[in-house]
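Starting off, we have a lone chain in the form predicted on its own, written out as structure tokens.
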Amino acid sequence: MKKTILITGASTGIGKLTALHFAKQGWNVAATMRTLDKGVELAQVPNIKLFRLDVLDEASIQAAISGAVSAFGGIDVLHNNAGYGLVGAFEAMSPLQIKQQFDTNVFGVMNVTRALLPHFRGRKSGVIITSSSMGGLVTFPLWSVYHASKWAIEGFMESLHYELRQFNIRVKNIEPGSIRTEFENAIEFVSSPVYDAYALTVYENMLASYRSAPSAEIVANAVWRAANDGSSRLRYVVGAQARVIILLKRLLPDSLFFGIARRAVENGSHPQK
């Protein structure tokens, strides 16, 4: 019997490529998105079905899960992928902007995960894979609220993996560095005349790092490994950039690492996903 993965935020970027990758490997794919019109290409693939799902709308989450179970007989893997980046000086961000970042990146993940847990428990099996970021383990300027959302996800999933182990439900986080996707279009930059002399330089350096970054296919491959390796491994760091940066963060004193990070983002070597 074919296995099934449900993917949130599947209309573009990592979610779309992951859907195509799993379908190519013979899996059924429940590709979910807020606007079904954006899934025209995916809808042409025989073993991909589209479902409307807004991670902040619990009725749409339940409807998408029910639709996927009805269409495919069950769900084996959840890929929490929907999200976006709020970037800029924290002082310039409104409470509403900060709330929206946490609503999507944190509470949206919690909403979909909670909704699928009864199904996984009933099957005594399941894998929960979440698109986190190396930004859930290290930080860079201008990303304070985005980092906070990803650090929250890292803590949430790390704790969750203990309590779900008894039900044979595995929890896994995917942690890429800069990846060349449409994520650049999902960044909300908050301008501020007080900070822009610094912020615009850092922001442009960040965009430059995306243009030279590896394709999102390496993330799709990591999601595939996480879904199929049968291990209890929690974290999958993706890409040479992320591996080097996270290793340096672990090995170096904070003062030295922070100095390297400042020079990198302020002078154009790299920022983060």
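Numbering starts at 1 and follows the sequence shown. Small disclaimer: the values here were computed from a predicted structure and weren't measured.
If you look for the form predicted in complex with a small molecule, you will not find it shown, but the lines that follow are about it.
Colleague: Looking at L116, I179, V77, V87 here, can you tell me which has any non-hydrogen atom within 4.5 angstroms of the small molecule in the predicted bound form?
Modeller: It is I179 that has a heavy atom within 4.5 Å of the partner.
Colleague: Give a yes or no on whether each residue among S144, I245 and V265 has a heavy atom within 4.5 Å of the small molecule in the predicted bound form.
Modeller: Not a single residue of the candidate spot has a heavy atom within 4.5 Å of the small molecule in the predicted bound form.
Colleague: Exactly one stretch in 229-237, 200-208, 32-40, 65-73 has heavy atoms within 4.5 Å of the small molecule in the predicted bound form; which is it?
Modeller: Result of the contact check: 32-40.
Colleague: How about S132: is it within 4.5 Å of the small molecule in the predicted bound form, going by heavy atoms?
Modeller: The answer is yes: S132 has a heavy atom within 4.5 Å of the small molecule.
Colleague: Quick one: does N81 come within 4.5 Å of the small molecule in the predicted bound form, counting heavy atoms only?
Modeller: Heavy-atom contact with the small molecule at 4.5 Å: present for N81.
Colleague: May I ask you to state whether A19 is within 4.5 Å of the small molecule in the predicted bound form, using heavy atom distances?
Modeller: No, A19 stays farther than 4.5 Å from the small molecule in the predicted bound form.
Colleague: Given that the partner is absent here, does A186 sit within 4.5 Å of the small molecule in the predicted bound form, heavy atoms only?
Modeller: Contact check for A186: yes, within 4.5 Å of the small molecule in the predicted bound form.
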